[in-house]
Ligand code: DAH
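Below sits a lone chain in C-alpha cells, taken as the form predicted alone.
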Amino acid sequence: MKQLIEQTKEKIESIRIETAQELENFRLKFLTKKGELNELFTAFRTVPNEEKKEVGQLLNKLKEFAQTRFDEEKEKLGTKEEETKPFDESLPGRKSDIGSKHPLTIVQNKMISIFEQMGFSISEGPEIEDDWHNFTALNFPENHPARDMQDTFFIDGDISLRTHTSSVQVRVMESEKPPIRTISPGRVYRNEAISARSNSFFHQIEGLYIDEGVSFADLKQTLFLFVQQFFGENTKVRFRPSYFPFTEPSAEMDIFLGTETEEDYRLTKGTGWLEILGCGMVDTNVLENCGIDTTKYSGFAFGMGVERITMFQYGVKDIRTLFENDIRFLEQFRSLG
C-alpha cells in the first residue's frame, strides 16, 4: 500500500499541465470519486489495523499534495490567460448605471437648503415618542381627537409612533435656550386608510423660530421668501385663519395656481389656490411647558408635508407611487439628483 502511495505521488509530480484541458484531465484522474486517490482510500479498508495510522497519514498527505498541485496550476493558467488575452481598444466602454435620488429626497433637500440659507439649523429626534413630547407639551387636551386610536399608532401605554415632527421641536426647546431657529425634517405616522391621496406614514418639515420680539410679520416674511425660492418669484400666496393646538393665532398658507389647466382646476378644486402648509405663533402654554420665559420670548412655527409638494412638483397623482420603489418611475429623476 505504501508503495502504491509513493508511485501515485511520483505520477502527480511528473504530469505536465499547460492548458485548461490538461488541468481538467488532472482533476478527473486524481480528485474525483472515480479517480485514483479515491481508489486508494477504498483499498485502505484492507490495510491491517497496526498499519492504518501510518498509511492513513500518508494518504491524507497525498490527497493534500494533489489538491495543492491542482490549485497552483489553476492559478498559473489564470494569470497566463489574463496576460495573453488581447485587448481591443476600439470596443466601447462598459456603461455603468447611475443611480438617482428619490423624488422625496430631491424635494426635501431643496427645502432644507432654502431654510439653511435663512439661518435655520437641522434638528432630529426619535420616531417613537412618549405622550409628553408628542401631545401634552404641545397643548393637546386629553380629549383631543388626535389622541384617538384612529389617528395614532400606539405601542404601549402612552408610547406611540410620532404623529408630527413637532415632538422634535419640544426636545429642542427643552434642551436649548433662545434664540432658537431650527427645522425638523423626518418621517411621521398616522393611523389612516391608505389611498391615492393619503398614507399611514409620510414626511414633514417643521420649522421653529423663538427670540425676543418675534411677530406674525416675521412668520409671513419667512414663508413668503421660502415660496419665492422654491416655487418662483412671481408666486402669489395667501394666509387663511385656521386652528392648531400648539399655535395661536394659527393660519394655513396657500399658493395660487389658477384654473387655466384641467390639472390646476382639479388640484385646487376649482378655486385656483393650493394649500401647502400650516403655521402660527407658538402658543404661550407650549413655551411655558418647555421652560421658556413668555414675558421675554415669542416665536412662530410652521409645518409642511413633503409628499404633497412632491406630488405637485412632478405631477404624481397617486401617493403610493412614491413608496413602491418602481425602477421605471425612479429612473425619471436621474438627472435631477
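These figures come from a predicted structure and were not determined experimentally. Numbering starts at 1 and follows the sequence shown.
Omitted here: the form predicted together with the named molecule. The next part is about that form.
Given that the named molecule is not shown alongside this chain, does E206 nevertheless sit within 4.5 Å of it in the model of the complex, heavy atom to heavy atom?
Yes - in the model of the complex, heavy atoms of E206 and the named molecule come within 4.5 Å of each other.
Give a yes/no on whether R190 approaches the named molecule to within 4.5 Å in the model of the complex, heavy atoms considered.
Looking in the model of the complex, residue contacts with the named molecule include R190, since a heavy atom lies within 4.5 Å.
Do F226 and the named molecule come within 4.5 Å of each other in the model of the complex, heavy atoms counted?
The answer is no: F226 has no heavy atom within 4.5 Å of the named molecule.
In the model of the complex, is there a heavy atom of the named molecule that lies within 4.5 Å of any heavy atom of Q169, even though the partner is absent here?
It does: once the named molecule is placed as it appears in the model of the complex, Q169 has a heavy atom within 4.5 Å of it.
At 4.5 Å between heavy atoms, only one of the stretches 159-167, 193-201, 98-106, 123-131 reaches the named molecule in the model of the complex; which one is it?
Single hit among the candidates: 159-167.
Given that the named molecule is left out here, which of F302, F30, W273, Y297 has a heavy atom within 4.5 Å of it in the model of the complex?
By the 4.5 Å criterion, the partner-contacting residue is F302.
Residue by residue through 221-259, which ones have a non-hydrogen atom no more than 4.5 angstroms from the named molecule in the model of the complex?
In sequence order, F244, F246, T247 come within 4.5 Å of the partner.
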